[in-house]
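The chain below stands alone and is given in structure tokens; this is the form predicted alone.
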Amino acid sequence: MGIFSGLEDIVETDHPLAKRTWYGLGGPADYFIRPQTTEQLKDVVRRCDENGIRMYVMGFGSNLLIEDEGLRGAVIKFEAEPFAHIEFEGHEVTAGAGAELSKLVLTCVEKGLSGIEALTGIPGSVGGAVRMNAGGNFGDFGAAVETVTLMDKAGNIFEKSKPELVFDYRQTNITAKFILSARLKLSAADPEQVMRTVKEIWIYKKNSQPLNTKNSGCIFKNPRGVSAGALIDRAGLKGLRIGGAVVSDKHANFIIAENGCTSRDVMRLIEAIKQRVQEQFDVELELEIEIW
């Protein structure tokens, strides 16, 4: 622990990451770090940089697959209050990167603020939602985000705002390593009406997605103008199994981890799907989940 001497309270070694992801798969991280303040984060980043330790930032692990061998590096998780704080001011909301997206959506609904109800049913952290511009059929997060507060690997904190801040399908032009918070611009609405919308979206997702299974959401991004799930379905791949990993019968863009599943099983199934879709439709599927 010499590298992180004095930070023993926030640093764990050989930390099992499987329990940190929705898949429940994967090996341990050399270091698992939960900074309590921005100053601690800066200190951690400096020490990692000086010692050549690769850094990963983990949200809620809902869109993530950890390899069976685990990670040689440090996983940094923002869960302390300064990183998870949510603050309301009129029609604007500032949410820390570690805040829970689903909690943010419901709190906004209760306060009669509309603009992110399209994110209903999408698990994850605010930071992760910004980084990948989380969304679905009903809209995406970037539409509501006005400004993000960022920190680079040198410890410099700065803001990036629209129009300099650009959101695209499942991506942004943010290159900084750390997203610290996001400021959202919402609009006033009747709470009951917004709640009706939330319920409709939730019912749609419940009926169309395998929610009560071990999965990481959609595996692939939708190619332009077509649904990845539809392509996988048309390729006859629903129910395809490799080891403990199986393509969902309910939604073909979901891979479910059943008993005995390993990350290797999921990765082999991903490759099998990509190959079959490429052969049948000449479309190269691109991953939406992250693999560490």
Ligand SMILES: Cc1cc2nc3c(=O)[nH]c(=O)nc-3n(C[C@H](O)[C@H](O)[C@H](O)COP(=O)(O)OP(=O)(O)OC[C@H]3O[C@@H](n4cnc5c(N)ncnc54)[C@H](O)[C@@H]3O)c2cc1C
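Quantities reported herein were computed from a predicted structural model and do not represent experimental measurements. In case it trips you up, residue 1 is the first one in the sequence shown, and so on.
Unshown form predicted in complex with this ligand; subsequent notes refer to it.
For the chain shown alone, I33 is not a contact residue for this ligand in the predicted bound form, no non-hydrogen atom being within 4.5 angstroms. Using a 4.5 angstroms threshold between heavy atoms, A252 stays clear of this ligand in the predicted bound form. With a 4.5 Å cutoff on heavy atoms, F220 does not count as touching this ligand in the predicted bound form; it lies far away. Contact between L240 and this ligand in the predicted bound form is not found at the 4.5 Å heavy atom cutoff. Note on contacts: among K177, H85, K162, H91, the single residue with a heavy atom within 4.5 Å of this ligand in the predicted bound form is K177.
This chain appears without its partner; in the predicted bound form, the one residue of V148, L104, L71, I122 with a heavy atom within 4.5 Å of this ligand is I122. Taken together, the three residues S227, I270 and F281 lack any non-hydrogen atom within 4.5 angstroms of this ligand in the predicted bound form. Note on the interface: of 129-137, 154-162, 183-191, 107-115, the segment with non-hydrogen atoms within 4.5 angstroms of this ligand in the predicted bound form is 129-137. Of the residues in 212-235, those that come within 4.5 Å of this ligand in the predicted bound form through at least one heavy atom are, in sequence order, N215, S216, G217.
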